[in-house]
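The chain that follows stands alone, in the form predicted alone, written as structure tokens.
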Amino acid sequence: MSMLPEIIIILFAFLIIALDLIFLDKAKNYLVPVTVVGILAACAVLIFNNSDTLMLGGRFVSGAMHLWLKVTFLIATLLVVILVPESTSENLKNRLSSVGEFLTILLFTLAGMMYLVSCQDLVTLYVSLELATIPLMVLSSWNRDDQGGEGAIKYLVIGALASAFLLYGFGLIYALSGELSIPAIMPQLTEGSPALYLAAALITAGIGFKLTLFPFHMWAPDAYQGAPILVTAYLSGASKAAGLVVALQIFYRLFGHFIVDWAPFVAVLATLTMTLGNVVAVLQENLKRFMAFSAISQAGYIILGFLGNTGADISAMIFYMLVYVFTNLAVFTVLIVHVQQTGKETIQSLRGMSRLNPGLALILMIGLFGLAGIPPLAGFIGKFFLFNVAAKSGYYWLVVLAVLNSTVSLYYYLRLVRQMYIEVPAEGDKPLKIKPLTMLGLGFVTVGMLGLGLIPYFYEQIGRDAAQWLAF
């Protein structure tokens, strides 16, 4: 059954909340293992029962392309769940509370993200997006303090506005085409209609919110800083991947005929996004705000893939998103261990980490260099493919600008490396301890961010699957 992975995730979400309600504190030691079992079960079913299938009158489809995206969501969520014990120990300064509710909401947003991939009509796409987004708004307000509340309110208000823009855009598309099915809409659209341009602008605003594109990024720094760092990690990785899924569905399945003509607008949007993210990141002192602007700049690189309209261009974006999820989670895993055990969130608080835990410092340095795009790390390979898309489309000036932005990003990532390796630890700083489960997750993402760039199979297979998906 093609929808079985999503059903498993939803059933386990209800199971987690039931265990938490019935057994209370007695269940807290079992909630994380049960959640891990549920995610692994969904992943296994997805991999071993992945055939091209249409369900619900064509509203739900599964295939090879959907496998890559859903596995990305499952891996990202699994790694966040593995890190939950790192945030719930009794002796932590910034302890995560209500683990059962946290895991339940996390699984619901995962189900929404997985449904996003397989949606084939505008209604189910919108409902799935809301299922993926609203639980994230709840998670971002988990810290019930002034800062957490402020960030969550901004996320909620701007998110509601973006949702309204998206829905209004979908309404215009339906008025123009008379269709709700995504594959059936594109042949009905004709270029030159003012209503089409308005719909595209409204939909771009809604998607820009999810991808944190300029100027729809305003919510991200405050929401990232106010949320628990575990939620910040999920927002910067899985949530951005969900935004890319919506963008792929809309701009390739709805507006595929016009995407080349709209490339100059994409180039300007990418320029503004990557430049703002990199320049403002230089000025940040808080680690979570720092990573927020880093995520904004990464979104600017990702949308370079929209300058083309082939399967190879789609595969460049999906491959880079996969690399980004692994690399970003590797960085955040180290930051979570640091923040939860020290209670400090400033860049200066990383001073002397190489002496307190050399392994964590090394992985954090590799992750930061991966985000900057230093060879031979997978981040460099991913950026190379994206820059190649821009070059093939004739935007050589944009490639030069993207390379310059990557140089700026290397400067501010090196700020963290300097604190870890050159500065000495502050008086009273204790060695950082890491739990076995966290070490396992950290090893997995480290292998991923190192290995993805060295194995060409992944990029080539994604390209083949993307070409097939585009022709569907």
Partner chain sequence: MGLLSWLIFIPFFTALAVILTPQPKQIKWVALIGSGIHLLLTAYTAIKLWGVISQETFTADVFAKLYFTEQYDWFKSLGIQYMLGVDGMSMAMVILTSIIIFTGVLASWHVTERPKEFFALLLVLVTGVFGVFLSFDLFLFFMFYEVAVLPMYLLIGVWGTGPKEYSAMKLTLMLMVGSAFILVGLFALYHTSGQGTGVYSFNLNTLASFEYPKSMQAWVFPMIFIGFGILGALYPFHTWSPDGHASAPTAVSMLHAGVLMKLGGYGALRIAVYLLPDGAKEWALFFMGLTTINILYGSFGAIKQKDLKYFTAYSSVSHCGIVLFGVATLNFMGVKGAVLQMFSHGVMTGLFFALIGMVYGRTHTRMIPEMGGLAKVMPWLAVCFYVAGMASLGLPGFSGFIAESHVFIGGFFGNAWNSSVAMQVMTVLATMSIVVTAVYVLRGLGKVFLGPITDSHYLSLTDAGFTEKLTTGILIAVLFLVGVFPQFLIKLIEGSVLPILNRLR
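Residue numbers count along the first chain shown, from 1. Predicted, not measured: the structure shown is a model, and the values here were computed from it.
Not on display, but discussed next: the form predicted together with the partner chain.
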In terms of non-hydrogen atoms within 4.5 angstroms, which of the given stretches 352-360, 325-333, 270-278, 252-260 touches the partner chain in the predicted bound form? 352-360
Would M439 show up as a contact with the partner chain in the predicted bound form if we use heavy atoms at 4.5 Å? no
Taking any heavy atom pair closer than or equal to 4.5 Å as contact, tell me whether T407 reaches the partner chain in the predicted bound form. yes
Answer with yes or no whether N309 is in contact with the partner chain in the predicted bound form, where contact means some heavy atom within 4.5 Å. no
According to a 4.5 angstroms non-hydrogen atom cut-off, is K430 in contact with the partner chain in the predicted bound form? no
Contact with the partner chain in the predicted bound form, heavy atom within 4.5 Å, among I374, L196, M186, V71 goes to I374
Check each of A241, M365, I182, L248 and return the one that places a heavy atom within 4.5 angstroms of the partner chain in the predicted bound form. M365
What residues of 240-278, in sequence order, lie within 4.5 Å of the partner chain in the predicted bound form by heavy atom? none
